[in-house]
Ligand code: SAJ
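First, one chain by itself in structure tokens, the form predicted alone.
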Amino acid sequence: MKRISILGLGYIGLPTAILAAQAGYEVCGYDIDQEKIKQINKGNPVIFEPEISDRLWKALQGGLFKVSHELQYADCFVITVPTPFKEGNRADLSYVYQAADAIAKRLMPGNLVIIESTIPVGTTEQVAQFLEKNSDLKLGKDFFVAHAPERVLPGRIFKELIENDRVIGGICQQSCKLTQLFYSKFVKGVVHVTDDKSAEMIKLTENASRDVQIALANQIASMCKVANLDPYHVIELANKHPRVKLLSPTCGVGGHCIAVDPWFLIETFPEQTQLFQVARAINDKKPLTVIKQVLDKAAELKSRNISRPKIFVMGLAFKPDVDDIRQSPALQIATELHKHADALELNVYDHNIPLHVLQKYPFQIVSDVWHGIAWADVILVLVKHKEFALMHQDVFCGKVVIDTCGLLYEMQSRQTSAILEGAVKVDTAFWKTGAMKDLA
């Protein structure tokens, strides 16, 4: 294999294309978004990710990486398009089949097709049959198909694409062999070989597991709220047990994987996924709980003659230190609060998300976090970006703080003075005041 076509130049496709080019493959990236193609050709990766701008520029200058809105002939086609869900939380495979249709028109004897997109169990086989039907080539003889789901964390994509173990599942033995050969050029982790359905199940199981773990953390936070306890303190000390590893509560679950992929299992195995269904319900409810907290606090302040309390939202990405807002619960919360202009004023801030992206939304954007904090009556912390955690707790003095992600507890851990001492002037210790009830 020498020529590689990668379909979909998003958070997975573009870094994969760059690494493949740096490994010596002749790579052509394909995307239907012509503006994205234009920007990438200029050296602008469009997405934020450490190392990506420098790596992209070197790949383009090296001559082994090109991008186009026309799919090129290749020895290997890699599908990295999104797989969102549609009405009824059912998998939307339209992008996968659009990619497969484009490949079928270019498919030649000896070609390999790899699906990296996350898909329901059985989809690789269905796509392979689609390719066979629409190309007049024989599956397993003339062309080969495998599923090789990605396993990366935004903010560490290049490191994890290179170092993490991979699972690949081929339609046949030759599909596995060719796919293993492709990744061996730039993956240092172990490449584990299995069948296509197992690979699909493994990926979905990984993300469903994370969803369940986050749901457990959010349930603990709910119980702690009733008991007037700090959930982050409880979880930190529970994790001192050698066989306990709880995650931290959040304002909900977002991103393109964990908030979406469990539905693929629920769709396929409705009678065997009761736990996943409950976890999804818990995590989907969390943003609504936060919204109610804010509205209740606004009503309380209004009773104290603050007619429209000023709410300052810190963080809109789906997780810390990324620019990704796909399925972001923080974005959902801010968008819904904006609809309550009669009850509150709302300003939002997230330094990681480009301004032109935020300007698509109706709420007021603040470009200076310090001005936002000074302006606010209530500070709503939705995402624990590292820059926020480095602030000193004194900046919140005199403010009501609703913390959904443990920023205050991290400040307490890093700084020796009492957490937000005097922030709400009832008692000197923050955790003994009514403000503690606004946590999580």
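All residue numbers refer to positions in the sequence shown, first residue = 1. Given the structure is predicted, the values throughout are model-derived calculations rather than measurements.
Beyond the structure shown, there is the form predicted in complex with this ligand, which is absent from this document and is the topic of what follows.
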Looking at Q332, N111, T123, N207, which is the one with a non-hydrogen atom within 4.5 Å of this ligand in the predicted complex?
N207
With this ligand left out of view, which of V152, I282, A343, L358 would have a heavy atom within 4.5 Å of it in the predicted complex?
V152
Looking at this ligand in the predicted complex, do all three of R308, G372 and A376 come within 4.5 Å of it through at least one heavy atom?
no
So, L247 and this ligand: in the predicted complex, are they within 4.5 Å at any heavy atom pair?
yes
Report yes if any heavy atom of G169 sits within 4.5 Å of a heavy atom of this ligand in the predicted complex; otherwise report no.
no
In the predicted complex, does V145 come within 4.5 Å of this ligand, counting heavy atoms only?
no
Looking in the predicted complex, any heavy atom of G254 within 4.5 Å of this ligand?
yes
I need the one stretch from 316 to 324, 264 to 272, 131 to 139, 91 to 99 whose residues put non-hydrogen atoms within 4.5 angstroms of this ligand in the predicted complex.
316 to 324
